[in-house]
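This document starts with one chain, in the form predicted alone, laid out as structure tokens.
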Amino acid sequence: MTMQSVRPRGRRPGHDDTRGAIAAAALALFDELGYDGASLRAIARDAAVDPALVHHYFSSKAHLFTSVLVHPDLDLVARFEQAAEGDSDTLGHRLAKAFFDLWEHPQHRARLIAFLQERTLARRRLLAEFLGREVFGRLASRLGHGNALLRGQLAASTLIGLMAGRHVLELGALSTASARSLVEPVGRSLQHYLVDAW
């Protein structure tokens, strides 16, 4: 009598390729449904794992997103929340500096620029959706604004448009300006969108 290997039914237990399966399912669903539309439960279902395993490997959907699409060890929300600590009068400047420090970092720059160069609209929108809701929209909400999502999307579109002009369209003065020289004017825009009353 020969023994046949039988694939176990049900959800995959945690082991070496679980994180990779979750990452692959997340990438497919983010591409298909966008950041807002892809839930952790749906990602777990498509990866054939228990939802608790997603939380074991990734602290949140935001962490999963940045880990899969930018860098495995990057938590963008935590990075910007740290920059947001302090006086609200200088919040825009701190956020702009944190953004340029992140974008110009050799470890992340190429991957972030790749978002701007994607041929599919869905992939290009992912980063803007994420920044608008999870980073800047969340900060605006914390400051008590009823139109926090709009404010977040204005801030995100400003930064994404700026980086597209700088790295994809390569607009003369913008592409050659130092990141340091851009922090102050960009910080003013972020201050207006996220902090000022309007």
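Start at 1 with the first residue shown and count on from there. The shown structure was predicted, so the numbers you read here are calculated from the model rather than taken from an experiment.
Below, we refer to the form predicted in complex with a further copy of the same chain, which is not included among the displayed structures.
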{"item": "Contact residue in the predicted complex, from H108, K97, R124, R79 (heavy atom within 4.5 Å of a further copy of the same chain)", "value": "R124"}
{"item": "Listed residue that, although a further copy of the same chain is not shown, lies within 4.5 Å of it in the predicted complex (heavy atoms), from V168, A28, A48, A52", "value": "V168"}
{"item": "Contact check for L33, Y57 and S67 against a further copy of the same chain in the predicted complex, heavy atom at 4.5 Å", "value": "no"}
{"item": "Touches a further copy of the same chain in the predicted complex: L74 (any heavy atom, 4.5 Å)", "value": "no"}
{"item": "Touches a further copy of the same chain in the predicted complex: Q153 (any heavy atom, 4.5 Å)", "value": "yes"}
{"item": "Contact test in the predicted complex: S141 vs a further copy of the same chain, heavy atoms, 4.5 Å", "value": "no"}
{"item": "In the predicted complex, G20 touching a further copy of the same chain (heavy atom, 4.5 Å)", "value": "no"}
{"item": "Residues from 147-177 in contact with a further copy of the same chain (non-hydrogen atom within 4.5 Å) in the predicted complex", "value": "L149, L150, Q153, L154, S157, T158, I160, G161, L162, G165, V168, L169, E170, L171, G172, A173, L174, A177"}
